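Given as structure tokens, the chain that follows is alone and in the form predicted on its own.
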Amino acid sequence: MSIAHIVLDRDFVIGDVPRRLFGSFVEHMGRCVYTGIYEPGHPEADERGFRQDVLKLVKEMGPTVIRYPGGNFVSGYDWEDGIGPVEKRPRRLDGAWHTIETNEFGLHEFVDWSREAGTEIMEAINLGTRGIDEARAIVEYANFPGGSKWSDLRIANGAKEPFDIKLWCLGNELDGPWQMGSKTPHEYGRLAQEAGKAMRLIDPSIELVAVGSSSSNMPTFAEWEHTVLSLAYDEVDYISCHAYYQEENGDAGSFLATAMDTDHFIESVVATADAVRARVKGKKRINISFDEWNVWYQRGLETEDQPHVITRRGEWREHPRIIEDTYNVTDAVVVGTLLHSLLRHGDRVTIANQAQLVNVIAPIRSEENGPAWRQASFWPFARMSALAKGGILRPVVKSDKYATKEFGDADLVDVAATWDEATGQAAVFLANRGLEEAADVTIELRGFGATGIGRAEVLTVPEGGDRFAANTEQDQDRVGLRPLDAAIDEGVVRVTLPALSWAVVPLEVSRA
């Protein structure tokens, strides 16, 4: 059995838990929108076509902010196509995903859906094939009360009150050659500066996210952030990060340690942003919007019916079934550790969006005219969104380690923790990366003491299963949370984590 000792001190609070950290992403890609959140005629759909079975799971999962409508899709999207009478909206070819976009679902529909889901909107604009004029027009349409061209058109289209969207992405992955309208860092930085300026002239209260590197492996990484922020520092509030991970060649050890890469990515971008701040003598601090992250099997699983890397061959279809990864226990534990990394950096990562919400590399799956269910990766997100409140504690961890091919030595036990002084509630989130051995974990509290333990739960390999166990349409509850024994012994919390597991231990605490 491996061993880990964790110290949590109430004076080691790095900042408040940012509620936007638990965000998600809805893109016009595959079946995320159509037959995902929206399917008129489905037995569970309301009069607007919103699937209530999916909405119920979304509310249970608890995303706080949702990025829309892309993603790669947005770099060729004309937002005007998705407003006005549905029967008059054009059918378009979407080159990003080689599909036909019907535009049956657009801005008004997403605003209505978001209000029912209880989520904030993070609207992305097209700075690939379009530019400054379109950027200011959509802000006027969405946020201006009335008495102008675009705001009056919104009212005529049935929305008297402004949408009041505060969070805007200035494009998507424009550092990538796969992106329509991709740009050099200087080209994008100037465009972001001018588009942001024009948008703020319409609504000074909005917050703007500049495009950062599509991954830390991009050849322009760090140079991109430095150049873009040097040009657009005064106009933007956030710089984005994107990262996806998968198990490579059966190397589960490195896969389970990928949060170490996330840690490095975040800390590198923070260092770059702060260096630019010093150079331009900026008064504000640029924070990070980690607005795409997840496990995504991009290589090695392509089939004709289920392409994981989109090709440009074949017929143009409406909402084809693409990148619908089925997530297993190992994937869910990795998702948990990625959430730990984001939370541990919550003083600077103040927005994050798991990509995507339904069907497309998603924690929720649905079938056309069929059921909706939770994937294994649903559970770490749902429990952390519900329980991570108050302040973020900086844990001191002494854990047994294991060797990885990609990242060197990694802690067997990965940890994040929060403490809400107002309610006296703390939450400790734990992952055991060990494939074979359980982990004996002790949690020492300093400056406060545990007076009780709430509903401790663990996600691990089901009885009689293996690490590739997953939930499917036929077996929707094979992987989930089960009770975990935890005890307080002389003021120290003790828990044993099964091999390959993610767990949460809620605590009732009082000041010492």
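The first residue of the sequence shown is number 1, and the count goes up from there. Since we're looking at a predicted model, the values are computed, not measured.
There is another form of the same protein, the form predicted together with a small molecule; it is not shown, and what comes next is about it.
Picking from 134 to 142, 153 to 161, 327 to 335, 69 to 77, which part of the chain touches the small molecule in the predicted bound form when contact means heavy atoms within 4.5 Å? The contacting stretch here is 69 to 77.
Is Asn353 near the small molecule? Define near as a heavy atom within 4.5 Å, in the predicted bound form. Result no; Asn353 lies far from the small molecule in the predicted bound form.
Hey, in the predicted bound form, does Trp296 get a heavy atom within 4.5 angstroms of the small molecule? Because a heavy atom of Trp296 falls inside 4.5 Å of the small molecule in the predicted bound form, the answer is yes.
Give a yes/no on whether Met29 approaches the small molecule to within 4.5 Å in the predicted bound form, heavy atoms considered. Heavy-atom contact with the small molecule at 4.5 Å: present for Met29.
Please tell me whether any heavy atom belonging to Phe221 falls inside 4.5 Å of a heavy atom of the small molecule, as the geometry stands in the predicted bound form. Result no; Phe221 lies far from the small molecule in the predicted bound form.
Quick one: of Ile361, Ala426, Leu342, Ala431, which gets a non-hydrogen atom within 4.5 angstroms of the small molecule in the predicted bound form? None of the other options qualify; the answer is Ile361.
Selected contact from Ser213, Asn172, Ser377, Ser289, since only one has a non-hydrogen atom within 4.5 angstroms of the small molecule in the predicted bound form: Comparing distances to the small molecule in the predicted bound form, the residue within 4.5 Å is Asn172.
May I ask whether Tyr34, Trp113 and Trp373 all come within 4.5 angstroms of the small molecule in the predicted bound form, judged by heavy atoms? Answer is no for this spot.
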